[in-house]
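One chain comes next, on its own, written as structure tokens: the form predicted on its own.
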Amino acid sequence: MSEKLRIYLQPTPVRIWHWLNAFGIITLCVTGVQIRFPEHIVIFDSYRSAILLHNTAGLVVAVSFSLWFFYYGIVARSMAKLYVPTVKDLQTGIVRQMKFYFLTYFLGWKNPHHATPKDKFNPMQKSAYLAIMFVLVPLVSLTGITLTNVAFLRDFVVMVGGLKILMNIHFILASSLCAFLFTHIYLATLGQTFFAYFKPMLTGWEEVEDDHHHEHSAP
């Protein structure tokens, strides 16, 4: 039986960012549903309350994104290393990881990727986070900010085809982000135990097998 070691995988700033982002996006999804379908879905007391909470949550997510960018881009200086897939990732890593998620996990095989502080994400995660954090989140934020400042940004609204087109673009982007959230939660349950991947986001520490992580053991 393999001996378990502990690695400090998620520093405090990262955990704070993660939960701010998570609760912010969940709030955006819930309020957004009522804003989009007010005649069918009533979660909050009034339409105005849903809009106010939606805009507040959007501000929280924008601040959270800024904190993430500042920490990884300026403080840790590890953004490219952590989030940009390598040539090897693109050639074989993504396929190998997909095979694990869709087949070999259910056969009891081990995850081909072993997280370390310098290599946290598997090839699929890198590709997904790259698209989410550098494309989807900025576009959702841009369209959302525009919708709250239609008069001031009238020229931009006209350029994208009008208010209705802009609202539809924002809704599609937001729905994609919501879909990612559900996928993210599901994949987080595919550890050695149901909560194995949740614990590092609460405590910072993850248990690993010593044959993969001798150099990262806890003191």
Partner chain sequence: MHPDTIRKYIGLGLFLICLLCPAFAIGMESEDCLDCHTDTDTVGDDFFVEMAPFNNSAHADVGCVSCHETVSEDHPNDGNVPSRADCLDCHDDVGEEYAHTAHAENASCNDCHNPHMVRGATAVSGHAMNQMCSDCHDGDEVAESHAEWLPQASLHIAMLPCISCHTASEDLVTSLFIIKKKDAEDGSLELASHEELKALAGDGNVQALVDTNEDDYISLAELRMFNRNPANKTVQLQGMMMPEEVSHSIETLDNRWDCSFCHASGPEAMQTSYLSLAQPDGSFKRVPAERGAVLDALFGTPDFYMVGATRSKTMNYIGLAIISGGLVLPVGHGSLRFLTRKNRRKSED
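A quick note: this is a predicted structure, and the numbers were derived from the prediction, not measured. Positions refer to the first chain, counted from 1.
One more form of this protein, predicted together with its partner chain, exists but is not displayed; see below.
K.L.:
Which pick from 30, 67, 172, 60 sits with a heavy atom within 4.5 Å of its partner chain in the model of the complex?
P.N.:
Exactly one residue meets the criterion: 172.
K.L.:
I need to confirm a contact call. Of 148, 78, 141, 116, which residue comes within 4.5 Å of its partner chain in the model of the complex, counting heavy atoms only?
P.N.:
Only one listed residue qualifies here, and that residue is 148.
K.L.:
Report yes if any heavy atom of residue 43 sits within 4.5 Å of a heavy atom of its partner chain in the model of the complex; otherwise report no.
P.N.:
It does not: once its partner chain is placed as it appears in the model of the complex, residue 43 has no heavy atom within 4.5 Å of it.
K.L.:
Would you classify residue 135 as touching its partner chain in the model of the complex, given a 4.5 Å non-hydrogen atom cut-off?
P.N.:
No, residue 135 sits far enough from its partner chain in the model of the complex that none of its heavy atoms falls within 4.5 Å.
K.L.:
Using a 4.5 angstroms cut-off on non-hydrogen atoms, would residue 129 count as touching its partner chain in the model of the complex?
P.N.:
Close contact is absent here: in the model of the complex, residue 129 is far from its partner chain, nothing within 4.5 Å, heavy atoms only.
K.L.:
Are any of the heavy atoms in residue 51 no more than 4.5 Å from a heavy atom of its partner chain in the model of the complex?
P.N.:
Judged by the heavy-atom cut-off of 4.5 Å, residue 51 is in contact with its partner chain in the model of the complex.
K.L.:
Would you mind checking 160 to 184 for residues with a heavy atom within 4.5 Å of its partner chain in the model of the complex?
P.N.:
The stretch touches the partner through 161, 162, 163, 164, 165, 167, 168, 171, 172, 175, 176, 178, 179, 182, 183.
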